[in-house]
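Take a look at the structure tokens below, where one protein chain is shown in two forms, each on its own, as structure 1 and structure 2.
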Structure 1
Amino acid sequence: MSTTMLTLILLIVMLIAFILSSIKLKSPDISMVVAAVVLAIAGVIAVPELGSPIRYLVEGLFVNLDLAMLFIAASIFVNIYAYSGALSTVTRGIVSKVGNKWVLMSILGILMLLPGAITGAGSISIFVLGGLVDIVLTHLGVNQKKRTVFIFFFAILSAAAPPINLWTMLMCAQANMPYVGFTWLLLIPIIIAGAVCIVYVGWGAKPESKEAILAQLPEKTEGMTWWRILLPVVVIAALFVLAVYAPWNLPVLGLPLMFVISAIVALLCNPKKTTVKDYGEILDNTMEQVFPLVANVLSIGVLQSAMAATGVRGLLGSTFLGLPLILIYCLIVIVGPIMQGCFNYGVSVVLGGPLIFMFNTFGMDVTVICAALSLIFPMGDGLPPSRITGRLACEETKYKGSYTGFLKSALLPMLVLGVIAVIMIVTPATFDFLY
């Protein structure tokens, strides 16, 4: 039996295990682990040289451990910050100062782009600003589904926005390209798609009167001053900026520690009388709140590790590259996000890197193509099995409707982003002037 056929059988075995456990256990997270266990055992039976399957499964738990710690730390920061009453005070301030719906939505969009652009993770934008954006959009008369779309879409745009775009960085590292010249190539499509999203979400929404909105918002917390509101955010922003622009002058803190430091600052800035027991309760609630996400990223890591060890991951990438060029152009906007849903940033390695090499051999401008691919991949952050950003957006707005319905609502802005990216891939020379 050929290696390809063997790997294909392993892929089918994995899919069957995933589908059956999804039906039986009704949890995509544990289903991914079941599929990974079945795949690892089947892989070792088929190729005994692979060694113990336990090794791949345990290694897989560490693939996204840093991401899990980041989610926990960011959630602790946001929950302490929200508990202090800072978020409600900021919301009151924005609503009372800005009257125009479109201006307000544009400000929210730009604000949401910043945390993800600096950290490279769209989920951070949701953690830091999702709650605030949700409250303001609610009072602007935007329905729950469209609020979720707004938060989700700007979160994925923030992950793709410069200066830190992890997909581009990973592809550049593989192709030995300098990470230079991407700023406008990424920013212009993001601005266009973001504007379309704002119009799409805000169209037809009837804002309540300013007085009515303010009446529904929580009262300003006693003793809450602007410096108490700004200090935790300034600290986290300063740490982000210093890590990017002064890496040699301070130790590598890492995002989780940055959020912990800011959480301590938020705790010190809290004007409410809060006991240690209260903080303990906040921490317990945060852990319960964030656990499904932690389980999700750890489970994805286990599945990724098993797929990499058995060759299933490589099979998916090489099969796509074997297609005729016209099919690659047509399918990249579908296959890219789907693979992002499966591998997260791993898609840059499995699919992005080989595609860059392929287009390079055709003599095409790979800087533009690399930027275009890194606009396509983030759209998969809302797709199963991982759907990290999509899930976070739904949790932030407490959206309980059909997940497919939410994805359908997000289709229009995603289509705009996808079409721009495909045009960039097909005619890269046209976009040379952007760098």
Structure 2
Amino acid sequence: MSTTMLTLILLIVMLIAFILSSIKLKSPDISMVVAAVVLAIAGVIAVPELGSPIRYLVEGLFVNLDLAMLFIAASIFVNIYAYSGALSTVTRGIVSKVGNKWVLMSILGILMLLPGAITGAGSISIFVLGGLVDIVLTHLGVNQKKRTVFIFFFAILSAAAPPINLWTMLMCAQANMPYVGFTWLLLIPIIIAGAVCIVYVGWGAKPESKEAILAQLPEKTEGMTWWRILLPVVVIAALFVLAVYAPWNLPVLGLPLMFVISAIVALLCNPKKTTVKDYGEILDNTMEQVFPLVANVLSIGVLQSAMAATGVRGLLGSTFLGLPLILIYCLIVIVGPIMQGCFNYGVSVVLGGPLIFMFNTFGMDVTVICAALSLIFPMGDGLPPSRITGRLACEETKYKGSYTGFLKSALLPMLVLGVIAVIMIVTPATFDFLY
């Protein structure tokens, strides 16, 4: 039996295990681990020289451990900061001072971008701000389906926004690329697609009075001043800037420790009387929120290790890369989100990495291409089987309509984002001035 045929059989075994466990367990994360275990065992049976399957599974747990730590630390910072009343105070202040519907929606979009941008997870944006945004959009006259689209779309944009874009980080790590130069390559398309979403969602909406909106928002936290609001944000921003522009003048802190430091600052700036038990509940709730994300990146590492050891990862990548270039350009905006829906962040390893290597052999600017792929993959967070961000957005707005109808309503802004990303992939040299 040829090596290709053997690898194809292992791929089929892995897919069967993944599909059956997804149907039975309803969890893409556990399903990926089950598929990895089955693949590793089948690989060792087929090729005994691979050694113990436990080795690959244990190694895989440590592949993305740093990213899991980053998720946890960043989410702790965001939740302590939100608990202090800073975000609700800012939202209330903006609504009380801004009377224009389009300006207010733009500010809501920017606020939605922030939690995901600094944690790498769009679901955090929904957890932290989804409820407030839903209240404001309701009183701006936006219907339920479009409110869900707004929250979902800005959540996936926040996951793609710098400084922390997990898809880009995973592809850079796999291709041995530095994680630099992505800020404007990601921000400009996000701003364009976000503006289209705002116009699409807000068109025809008739706002209620400002007083009606304020009546539904949480009251301003007593003692919350602007310096308490700004200081934690300034600290994390300063640590980012110093790490980039003065790396030799301070110890290597790492992103998780930076967020821990900022979380301590946010804790000290909290004007509420908060007990140790209260903070314990915040940490407990944070771990409950972030656990699916941590499980996701760790299960991706396990699956990645098993696929690499058995040659399945290479087979998948080489098969897609073997298509004519024009088909790759046409299909990437379809295949990328579908694979994101199945493997979540694992699409960066299964599909993103091989594409980066291929375009690099063509002499194309892979920094631009990596950023473009990082704009395409998040759209799959609304697709089954995972539907992580789409499901959370529907739960936040209590949307009970057809999920297919919701996806159709989100198609226009996602199409704009996809077209921009494909243009970046086709003509990457045109965009190299952005970094």
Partner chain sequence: MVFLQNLVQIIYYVMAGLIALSLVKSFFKRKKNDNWVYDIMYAYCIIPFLLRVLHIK
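No experiment lies behind these values; they were computed from the predicted model shown. Along the sequence of structure 1, residues get numbers from 1 upward. Note that the rigid core is defined as the largest set of C-alphas that superpose within 1.5 Å between two forms.
Checklist entry - Since only one of the two is the form predicted in complex with the partner chain, can you say which one? => result Structure 1 is the matching one, since it is the form predicted in complex with the partner chain.
Item to check | Core superposition between the two structures, C-alpha change of residue 167 at least 2 Å | outcome: After core superposition, the displacement of the residue 167 C-alpha between the two structures stays below 2 Å, so no.
Next on the checklist: On a rigid core superposition, would residue 125 pass a 2 Å threshold for CA movement between the two structures?
Outcome noted: After core superposition, the C-alpha of residue 125 moves less than 2 Å between the two structures.
Checklist entry - In degrees, what is the turn of the smaller rigid part relative to the larger one between the two structures? => result Rotation between the two rigid parts between the two structures amounts to 15 degrees.
Checklist entry - residue 213: how big is its Cα shift between the two structures, in Å, with the core superposed? => result Residue 213 is displaced by 4.0 Å at its C-alpha.
Item to check | Core superposition result - C-alpha of residue 308, shift between the two structures, Å | outcome: For residue 308, the C-alpha ends up 8.6 Å from its position in the other form.
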